[in-house]
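In the block that follows, a single chain appears as structure tokens, in the form predicted alone.
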Amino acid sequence: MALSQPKDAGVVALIDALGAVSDTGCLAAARADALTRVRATGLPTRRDEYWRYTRPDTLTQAEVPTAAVFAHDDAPMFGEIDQVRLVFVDGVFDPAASDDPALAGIVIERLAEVQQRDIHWAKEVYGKLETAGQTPVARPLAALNTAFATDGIVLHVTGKAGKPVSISYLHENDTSDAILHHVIRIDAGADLTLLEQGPGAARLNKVMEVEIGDGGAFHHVQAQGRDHERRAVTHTFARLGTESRFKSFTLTVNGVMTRNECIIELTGDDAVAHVAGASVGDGNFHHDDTVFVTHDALNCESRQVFKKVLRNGATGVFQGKILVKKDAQKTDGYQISQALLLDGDSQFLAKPELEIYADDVVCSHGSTSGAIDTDSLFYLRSRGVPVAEATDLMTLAFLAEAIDEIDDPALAADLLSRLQGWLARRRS
């Protein structure tokens, strides 16, 4: 089949920079289809409705912007948790630094190896959820990932995983350009906790496709690293079966530009999907959370909770939509996005949306931004708490609703301690 002509010169330059697409193996057809779609739609620009608040140019240009490697001596994230650790260095799996995947009690494989096979179950998932997620909103950077992803993990969970799987992304090259694609299938009644941490690369494009069978559960917690100059775009596509559960939380500190997209389909009755995030930014920091949840079954619940703390000219963006289809009666949809602006130079841009075609639903959305409450600050100062420490205490209290979305108290406590450390370093 002949490829369509590229929509713009930027597509040609980026495709040329990325190199040839693999044309063999069980994923070849999905890759070719994704490349065709990228050529037809072009790359995102500020003229696109869902990119009007975020400049995508550093994510789409052929030349990778330099991001200095950020060295720190913090203890490993989630270090107290018994886990199976998988390590990627600038987008390439490092088996020497990783644990034996068999310790998790589930099937874990590398995308780089799976794509060379003629037959594999990943063919049924790879690119399928991403393709479905292109409607009604085009997501060309996700399609680009499907076409060019060089590595990632392929997970098949048939029961309850013996240990959480933890993926560590290390950044060691100041011009690294990583494209990672994870494929996860959770069978009926199965359960997986996935942890992610680290910046990944100077520029990271990551896609994760998660298919959850009836009664299955997926718990996801990620911390995106403290590299000051990194750039990242991530997409999580999830499809939920009957009585399944999806819970995802993301913590973001630092980074010049980060855009996290989460696209969720509730296709089985009584499914539950919670997605939450906390971000804290200082100075040259732009953070964008874009969420699209589709209710397409009875008696389902979705919850979106996002909190951002911004100062010294930092920018936060939230775009969240709940789509309730005609037959999705008894839907319970909740969405809240809030920003704490610690100075007059920072800004928060929000676009909450509800689109409802069923008549027996409970849906709500809200979005607020504002400064530290002066009465509460005065109360703390009158009891001897210095103004900087009082501000940090109120900041942590503000972020608590998002962190409370994490089911595991040990994981929540670890992330809370990281936030306390970040605030203390900024204070000094």
Partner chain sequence: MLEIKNLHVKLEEEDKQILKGVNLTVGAGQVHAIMGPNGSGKSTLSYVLSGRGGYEVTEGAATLNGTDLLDLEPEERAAAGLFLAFQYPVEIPGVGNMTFLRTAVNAQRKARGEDELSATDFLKVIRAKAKDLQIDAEMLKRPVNVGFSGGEKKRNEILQMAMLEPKMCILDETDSGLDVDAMKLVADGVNALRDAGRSFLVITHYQRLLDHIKPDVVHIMADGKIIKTGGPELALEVENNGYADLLEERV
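Numbering follows the first chain given and starts at 1. The structure presented is a predicted model; accordingly, all values stated were derived computationally and were not measured.
Omitted from view is the form predicted in complex with its partner chain, to which the following refers.
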Using a 4.5 Å heavy atom cut-off, which stretch among 32 to 40, 383 to 391, 58 to 66, 363 to 371 contacts its partner chain in the model of the complex? 383 to 391
Please determine whether residue 45 contacts its partner chain in the model of the complex, using a 4.5 Å cut-off between heavy atoms. no
Please run the contact check for residue 375 against its partner chain in the model of the complex: heavy atoms, 4.5 angstroms, yes or no? yes
